[in-house]
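A lone chain, given as structure tokens: the form predicted on its own.
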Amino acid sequence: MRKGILSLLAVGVLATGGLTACGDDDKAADPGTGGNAKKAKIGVILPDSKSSARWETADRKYLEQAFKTAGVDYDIQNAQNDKAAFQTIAEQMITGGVNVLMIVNLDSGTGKAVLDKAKAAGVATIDYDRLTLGGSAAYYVSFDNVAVGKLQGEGLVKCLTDAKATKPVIAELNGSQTDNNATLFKQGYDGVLKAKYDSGEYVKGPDQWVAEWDNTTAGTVFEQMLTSTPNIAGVLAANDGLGNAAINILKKQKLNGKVPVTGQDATVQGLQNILNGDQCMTVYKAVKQEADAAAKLAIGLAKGEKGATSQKVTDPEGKREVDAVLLTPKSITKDNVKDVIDDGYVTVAELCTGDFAAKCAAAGIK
């Protein structure tokens, strides 16, 4: 119920705009702004490498490039979904002299504990990609996650419309309930689907959270959904991993390609599923833009500058406004898979392997 309430109160964008930075000597010793008291060093804690490939294949790469170009010291580590390891890494980074700590929390409780320790030590803090509810991060850099969910809902509606589906039963395979982003995605797609449910045009079917975004768990959950509700005609899966788990179960029933499935992250696997006709869409979040924006902010803070943004989000649990940078996501279908390639996020060599070479060619990817 708590998450249901948060989905109504969750992060709202109060203004739009880009990121700027300016010097502020008066704020140099403020834990929220970094400082000149010690050498610039930035610590980054990524969450895992299992829930999504992006953390290691994209975020780490782009952050490293930005830090190296700026000539600042940095330490990027992955907690591999271990809360104890997450806190240990943070403590080591703080005692090791970072003056900026950027985290992707595993849950808000663990994230808050780490952020509070950093703040007490005079370390500037940034929530990266996921907002820590009740936390103390001075800044938040992410995508507009309600907009991500809205694109997913609209994508599923288009796929069902194209398929001329009549009163389709929809299954919702949500992300981890401890991840505020999953709440925001659900807020976005439920905002689209509710009108369809209320009008009777669609039938609301099973609706379940998947702990820790675990794909194996998602497969088990969806198999149970399909057993209890064999007439499922559409699957709102919150990311490509969950979507692929559902597709694998649909394949067992020879329903893949017949039941539209959504996704998110534009992973190689997700894009291949789209080219194969098994997944109807994904949401592309240009991770380089997100990483570059976060790195620019972190580098400025590490050098004693004050970060200034023209966007804010509301932390409904902490009842505070957080300075933010929110980027715009993009819907990807078979018609524009090429856009992800053109942007450099996925390479032709990665995507167009084996049998997918011909499918890539048919989609205009060379």
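Just so you know, these numbers come straight off a predicted model, no measurement behind them. Sequential numbering from 1, following the sequence displayed.
Absent from the display: the form predicted in complex with a small molecule. The rest refers to it.
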Applying a 4.5 Å heavy atom distance criterion, does Tyr62 contact the small molecule in the predicted bound form? no
Does any part of Thr314 reach within 4.5 Å of the small molecule in the predicted bound form? Heavy atoms only, please. no
The small molecule contact at Thr132 in the predicted bound form, heavy atom, 4.5 Å: no
Going by a heavy atom distance of 4.5 Å, is Thr282 a contact of the small molecule in the predicted bound form? no
Given the stretches 80-88, 175-183, 221-229, 196-204, which is the single one in contact with the small molecule in the predicted bound form, using a heavy atom cutoff of 4.5 Å? 175-183
May I ask you to choose, among Thr309, Ser52, Ser331, Thr57, the residue with a heavy atom within 4.5 Å of the small molecule in the predicted bound form? Ser52
